[in-house]
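Shown below, as structure tokens, is a lone chain in the form predicted alone; questions about how it binds or moves come after it.
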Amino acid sequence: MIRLFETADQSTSLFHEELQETYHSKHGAFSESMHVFIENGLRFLAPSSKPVRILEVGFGTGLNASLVYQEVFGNQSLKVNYTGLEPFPLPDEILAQVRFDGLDKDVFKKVHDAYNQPVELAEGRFTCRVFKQGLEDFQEDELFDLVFYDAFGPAVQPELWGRDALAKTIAMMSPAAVWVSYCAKGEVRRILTSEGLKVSRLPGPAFKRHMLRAVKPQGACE
């Protein structure tokens, strides 16, 4: 069973009672996503005339995708092709109750329509597609420039934080691509480093000491 609750910044998050895990920080769902994935992820990338290809592991409420759309809408030079993975989509009755003040409600709904077919917004500068499958089943020839690793934590989904899953993700990253996550666990950092990424432990969002950002070497190839 999933129940809604209000986080400290008045945005909504969800609590998965079976897993005993929240979808976002109780100290602020909106502010956590902005800090980790937008400020230290998307805005960290060097400007490019090509579309930024983003992969999100753990699409969840669609908050991160909606925030990326917001960035695209406000920046005419930014183009994004967004791919989300979510094996357990949230039911419509739950999504209808989620509140993120400041986001376009129609856009929030439309990114969830991307389970059925790709959705184009912002005059084609933002394309979103979401696959109803997990990382283990996902295959893609395209390489990604930015990875939002937003799965449930290692205690709940350890298989997504082990070497096999992280190595598969790294193999789908283009040279100089960026990987970001709220998780700063030492073992995750060591795996990313051993797989050749340059890892930085950065200040985390409210009441969380650290987060991780990792960059693939410029000359890396698979």
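Throughout, we count residues from 1 along the sequence that is shown. Values in this document were obtained by computation on a predicted structure and should not be read as measured data.
One more form of this protein, predicted together with a small molecule, exists but is not displayed; see below.
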- Using 4.5 Å between non-hydrogen atoms, is residue 63 touching the small molecule in the predicted complex? yes
- Does residue 150 reach the small molecule in the predicted complex, with heavy atoms at most 4.5 Å apart? yes
- Query: Can residue 145 be called a contact residue for the small molecule in the predicted complex at 4.5 Å between heavy atoms?
  - Reply: no
- residue 160 near the small molecule in the predicted complex, any heavy atom under 4.5 Å? yes
- in the predicted complex, do 24, 58 and 136 all put a heavy atom within 4.5 Å of the small molecule? yes
